[in-house]
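Two forms, one chain: they're shown below as structure tokens, one block per form, named structure 1 and structure 2.
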Structure 1
């Protein structure tokens, strides 16, 4: 692999020496050196993070790549990377739960959950509906308090933090709620701009630019002045996804980002997730039922079953697992050890 030609502060995970996105596209043969230099020269900023963020779009606008080819390239590169990156042993966990128990309405929803989310990786949480996946996610951001057990975020015990510290930690995490949770009283633009306006010092001009780009990325361009109740469920979900990504957080938690969407949009969202990951190396946790699809590009998989972690490991390991419960999830059999409620 080639090394970056300019100093780079792009977050690269341990074990990744592919360099920034432009370099990787070059190495994989999607563009040539001259095209890359042209695209780099066209950048108006010197911030390497920003360049990494924009380079794909610049290449497209210069006509060196088509948008679909760019997306395909990203997913291909990413899938390949995931395959080469099955050993997760050296990756430190950024989020972890230990012995977490939670009773809701007299039912043990979480019954001793132990899990670790590796940093700079995409982790998928799979499991039956009603199995406590959303509840797990809410525990990770401190929206629910465990009856027993500890939750660590970046080495800090989430429930030992003061309110102010908790707020500071939360500004680095964003959560896409299963129901979207857009604010009814704000239009799509203001909804997506909301976290930027409320928690950062970003100027209105930049907010406008970033929100428009985000809308474009989730294929909602032109919908910015609509209100959430004027959008379909899928559009709501995509707007909420844009809101979750807009602050470029360190950790992104996505609760069923593609549930209820058509296959084309589902694919587009998967591409967006891969694309975001390739550019920023953000730690992501994704709850999804799109089982064959997400296995193409997730590093790590956690199977939740009956309030416990049934299995947790690299994607190939889970895919090859012979555990009948896991097999049933992967193959989608109706008959098997999993009770269908």
Structure 2
């Protein structure tokens, strides 16, 4: 039988500084100062909020980096971040849950969940099936109301807000559903444009520009008139990611973004998430069963077990945890404290 759930632990590691992407590429030796200055000059008419978002693409367009070298650089810089990151220490939480309980069909799915999601980081939520991961995600975006406890988003109690205030907060959050949840009756362009048309006053000219850029960024250029049933599983996931990012959210929640994909496409999706994060620094929360692969693509890990947070902390600390429940899950052992047979 499973052992009783233990109190959650928080594990931290030494801190690490995160600077602008162009400066980090320069410091890592991928480009020289003249090349960076040329790229910045080429972006002199670009909205300052977009500079970090576009710097890599500008360097490629100027011939200072190849696309493959840029991908390599982003992964190496990201890996260094995750290896040296501090987990929660010194990083303000943008989302948090305190004492959250939820019963479904008479079963306690969340049994006093306490967690914090650090801002401008990728957090993975892992655990065995039925441990409350997807329910936790739905609470964070306001799709479910807790029976007890508080959920804070950017310092605001989510369930103390009026309907109008809740809608305003939700505009800062995007959710990537497990199956992508594209609209079958809309082509790829209209699927991605949908949030802009429904929640903003963006002109059609700007919508066209932003959607075409988003398609290029997820390697779906030329696919705008295809319908979801004409796309592969990996293409559907990429289109759904583009739709989730089109409103430039501060937070994106991803529910099993690689579920049902082969190892090559799974790796490609993880690379795309890394590329997106390194360009935008969007706070991301990923529910994943892709163990141990997910440890290469996140700064911070939360382990849910029996409706509670078993542990939370930096990725290296969780990966090396000697907690028998966490060890059994990571190693995929049949024998251990979690009785599954």
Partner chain sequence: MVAIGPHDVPPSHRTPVELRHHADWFLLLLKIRARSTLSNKTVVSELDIPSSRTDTSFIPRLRTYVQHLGSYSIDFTLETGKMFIFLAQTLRAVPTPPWRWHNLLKQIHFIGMRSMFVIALTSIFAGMVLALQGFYTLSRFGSEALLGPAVALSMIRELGPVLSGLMITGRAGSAVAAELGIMRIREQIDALEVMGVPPIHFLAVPRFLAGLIVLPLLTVIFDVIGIFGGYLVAVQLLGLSAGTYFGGIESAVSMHDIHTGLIKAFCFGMIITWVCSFKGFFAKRGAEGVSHATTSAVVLASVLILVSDYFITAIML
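This one's a predicted model, so the numbers in the text were calculated from it and none came from an experiment. Positions refer to the first chain, counted from 1. Take the two forms, superpose them, and find the largest set of C-alpha atoms that agree within 1.5 Å; that set is the rigid core.
Engineer: Can you spot the form predicted alone among structures 1 and 2?
Structural biologist: Number 2 is right.
Engineer: So, superposing on the core, is the move of residue 221 at the CA at least 2 angstroms between structure 1 and structure 2?
Structural biologist: Yes, shifts by 2 Å or more.
Engineer: C-alpha of residue 237: shift of 2 angstroms or more between structure 1 and structure 2, rigid core aligned?
Structural biologist: Yes, the C-alpha position differs by at least 2 Å between structure 1 and structure 2.
Engineer: Compare the position of the CA of residue 208 between structure 1 and structure 2 after a rigid core fit and state whether the shift reaches 2 Å.
Structural biologist: Yes; residue 208 is a residue whose C-alpha shifts (by 2 Å or more) between structure 1 and structure 2 when the cores are overlaid.
Engineer: So, with the core fitted, how far does residue 27 move at its Cα between structure 1 and structure 2, in angstrom?
Structural biologist: A shift of 3.6 Å at the C-alpha.
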